[in-house]
Ligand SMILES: C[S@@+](CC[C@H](N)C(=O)[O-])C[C@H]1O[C@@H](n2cnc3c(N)ncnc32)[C@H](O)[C@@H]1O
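Next up is one chain by itself, shown in C-alpha cells, the form predicted alone.
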Amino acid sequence: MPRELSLAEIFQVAYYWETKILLTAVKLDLFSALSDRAFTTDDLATHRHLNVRALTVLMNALVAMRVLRKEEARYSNTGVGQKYLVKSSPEYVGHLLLLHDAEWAHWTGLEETVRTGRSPVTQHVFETDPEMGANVLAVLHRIGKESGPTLATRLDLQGAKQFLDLGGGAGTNAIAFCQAYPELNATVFDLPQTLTLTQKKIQEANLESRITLLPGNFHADSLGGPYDVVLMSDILHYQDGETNAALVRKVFDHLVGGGRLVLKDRFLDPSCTSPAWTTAFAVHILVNTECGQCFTSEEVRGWMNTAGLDPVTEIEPHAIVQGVRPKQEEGGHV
C-alpha cells in the first residue's frame, strides 16, 4: 500500500507555477536570445520589447529553476537551457513545449469536461496547425531514434519481409527497423501532410529504396499489403474503443498467415489507477482529444482476440501487446 501524501506534497502537486514560467520563457524564446552572450534584463527587455520589471521577476524564477544562471546583473543559459531550449541547437525540444503551451487553454476547460463529458476540442493540433504538428513530430522523431533500435530488437523481426508502420509519423520506427533488419521493407501510412516530413527523414537515412510512403486515412482507405508485421504505435489513445476495435479487425485482413500486429501505447492496469503517469496522461487525452482515452491491456487483448488474432501476448507490461494471425489463414488487402 503506497503511503498517503503529506500536506506539503499536496501543495507541490497543486502548484502549476513553474510549468507556466518555463513555457512562457520558451514562447518568448528567451533562451535563444541568451545563446551567444549574457544579458542584463534591461538589455534583454529592450532587445525583445518586453517590460523590464516583469522580465526580471521571470528571469529570477528561471535561475531558481536551474535553467538560467545569474552572475551579478547578467543572465545566461545553463547547460541544459543551452542544449534543449535554444532554437538553433540540434537537441531543441521547444516545439514540444510550445505544443503543451498551446494546449494550456484546454486544461482550463477540465472542470466543464468533467461536468458535461464534452472535450473543449474537436480537432487535434496536428490537424488545426500542420506547421506545429510537423515541428513536434520532428522533436519526437529525434527522441524516438534512441528507443527505436531497442524496440526493433525486442520484437525480433528476423524473417519478416514486409512491415507496416500504421500512423507512423516521421517514420522513426520504420527507419530503425530497416536499419536493424537488412531484409526488411517498410511502408509508412499516414496523412499526406505528415508524410512530407517522413520523406525528408527517410532520405536523410538513405532508405528511399526500402521504405514506401502510403498517404491516406487508415479508417477509410486500403492499407496495402499483405504484411508480415504491422505496428500501431501511440494511435489507440486518440480514439474510442469501438473505433480501435474496428481498426484492429481491419489490420487483421492485411496480415499474412502467421503475421503479427503489435500495439504500442500507454496502457492502464485493470483498476485504471496505475501506472501513475498514465492516469495523468488519460486526463490530458480527455481534454485534448474529442473522444480519445487510455485503455487497459485487457481491453486491447480483447479487441485482438475478437478480430481472430491468436495467441495474444503482453510483451512489455503496460506498453506493448502483440497478436498473431493464425498461420492457416491467408491474409490479403482490401
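Note that the coordinates shown come from a computational prediction; the quantities given were computed from them, not determined experimentally. Don't overthink the numbering: it's just position in the shown sequence, from 1.
The protein also exists as the form predicted together with this ligand; that form is not presented, and the subsequent description refers to it.
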Within 4.5 Å of this ligand in the predicted bound form, heavy atom basis, the matching stretch of 80 to 88, 184 to 192, 97 to 105, 113 to 121 is 184 to 192
Just to confirm, with a 4.5 Å cut-off on non-hydrogen atoms, which of Pro149, Gly258, Gly216, Gly241 contacts this ligand in the predicted bound form? Gly216
Can you pick the one in Val248, Leu155, Leu137, Val229 that has a heavy atom within 4.5 Å of this ligand in the predicted bound form? Leu137
Decide yes or no: are Phe126, Gly167 and Ile235 jointly within 4.5 Å of this ligand in the predicted bound form, with each residue judged by its heavy atoms? yes
